[in-house]
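Single chain ahead, written as structure tokens, the form predicted alone.
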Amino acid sequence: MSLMVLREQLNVLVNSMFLEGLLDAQFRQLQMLQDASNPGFVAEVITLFCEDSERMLTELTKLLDQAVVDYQKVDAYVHQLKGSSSSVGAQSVKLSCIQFKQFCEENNKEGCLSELNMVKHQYYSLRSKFETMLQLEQRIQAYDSEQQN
């Protein structure tokens, strides 16, 4: 497959993520920070975001499984996830976290559980597309390396 085709596939994927509301303008800012001296910058940030998100979602699930929920702890994790999502431009996850925080403030366990499921759904949809994006970027970088040798 040619380099041009791979780049086109990547562009189509990223554009679809914007159209679906998965990403916002902050992601473009992140992409602009990547250059020839640090070609893996976006991949590194996405990988860290995914690792942190997985950890936070696991903790949120444990906290909400308790008979007595510590809503302050839940709120702290949701706040952290919202911040991480915002910094990488993960718009759909960020918006779900805003609603989740509202349920935390109301000490509404059913609302929190429902919104946790929504956040997980938004996150896993985004993660799946991020994985495809990273695979395409790896193929592009490998192709670029071959061309330089």
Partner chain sequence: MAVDAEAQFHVLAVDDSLMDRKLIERLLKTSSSFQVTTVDSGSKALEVLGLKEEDQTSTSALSPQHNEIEVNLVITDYCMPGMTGYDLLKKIKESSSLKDIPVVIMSSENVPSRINRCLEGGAEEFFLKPVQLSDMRRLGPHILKGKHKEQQQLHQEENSNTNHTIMGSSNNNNMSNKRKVMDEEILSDRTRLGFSSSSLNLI
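On a predicted model such as this, the values are computed, not experimentally measured, just so you know. Positions refer to the first chain, counted from 1.
As for the form predicted in complex with the partner chain, it is not shown, yet the points below apply to it.
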Hey, in the predicted complex, does residue 101 get a heavy atom within 4.5 angstroms of the partner chain? yes
Please run the contact check for residue 86 against the partner chain in the predicted complex: heavy atoms, 4.5 angstroms, yes or no? yes
Is residue 49 part of the interface with the partner chain in the predicted complex - any heavy atom within 4.5 Å? yes
Within a 4.5 Å heavy atom cut-off, is residue 30 in contact with the partner chain in the predicted complex? yes
The partner chain in the predicted complex: contacting segment from 65-73, 120-128, 78-86, 106-114, heavy atom within 4.5 Å: 78-86
